[in-house]
Ligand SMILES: Nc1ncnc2c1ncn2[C@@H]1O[C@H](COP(=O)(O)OP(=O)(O)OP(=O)(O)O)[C@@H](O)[C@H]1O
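Take a look at this single chain in structure tokens; it is the form predicted on its own.
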Amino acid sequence: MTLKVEGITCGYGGKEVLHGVTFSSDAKLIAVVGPNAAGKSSLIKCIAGQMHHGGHVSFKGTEIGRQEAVSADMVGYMPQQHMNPVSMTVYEAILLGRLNHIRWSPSQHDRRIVDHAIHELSLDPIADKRINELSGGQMQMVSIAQALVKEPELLLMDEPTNNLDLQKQLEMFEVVRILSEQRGLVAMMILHDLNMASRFADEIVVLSGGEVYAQGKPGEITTQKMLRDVYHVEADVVEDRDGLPHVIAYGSLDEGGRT
């Protein structure tokens, strides 16, 4: 289940954002971290085939990352923005995830896949609710379901914890982990919280200035040096009760490296 990213470059308005991003991973749960403007969302969009780019992306030996790629159905993409609060039900919104598979009208097979995703994510009680009646946490689960009914092997999630309280974040991480185990899919997620990334991910990719600063297991990546170099903060990194790194920040650095 290897994901390979080779020499990815992309930009906006003539300004390059990613500068030859290259890495390879066999992990099941991958977190992409880095400061604002590091290129995290651009990277996810390139892998998802949502943004024109140079370089190549492959998954399980098959090229992905381009809209015209025959492997497009291998990838499920959950963007940062919520779906528009249009007047459709949760069921109808999730069914939209099957759009590329539907010919003239949804088949019984399409409906079975949607029903399964709704049950899998415990959305049965709100299946008939309108999208604009949902809470932030419910919207996130509906977005995950919409990506899952495509039956992807690689699930890409752009900042899925936005606007979620701590309990809902933990619930979402647990759902993604269970789905990864049950479905055998790989999940790649942009996160801002380094402690959540260390707890959730099997592997972390750190972006800085449009390039890969480091990649590896949480205990290898989350170090005082990385926090100084990438985030410009002074912090202690301690082990929590599960032996995972936990960041305790206590000061920011100026351009001269002083607190």
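Predicted model only: the values in this text are computed from it and were never measured. Heads up: residue numbers just count along the shown sequence, starting at 1.
The discussion below concerns the form predicted in complex with the named molecule, not included here.
When contacts are judged by a 4.5 Å heavy atom cut-off, residue 233 does not count as touching the named molecule in the model of the complex. The closest non-hydrogen atom of residue 38 lies within 4.5 Å of the named molecule in the model of the complex. Proximity of residue 228 to the named molecule in the model of the complex falls outside the 4.5 Å heavy atom cutoff.
In the model of the complex, residue 192 approaches the named molecule with a heavy atom inside 4.5 Å.
Proximity to the named molecule in the model of the complex, defined as a heavy atom within 4.5 Å, singles out one entry of 159, 120, 151, 171, which is 159.
Of the residues given (180, 89, 80, 138), 80 alone sits with a heavy atom within 4.5 Å of the named molecule in the model of the complex. From the list 23-31, 219-227, 39-47, 58-66, the contact stretch for the named molecule in the model of the complex under a 4.5 Å heavy atom rule is 39-47. Contacts between stretch 1-23 and the named molecule, counted in the model of the complex as any heavy atom lying within 4.5 Å, involve 12, 15, 17, listed in sequence order.
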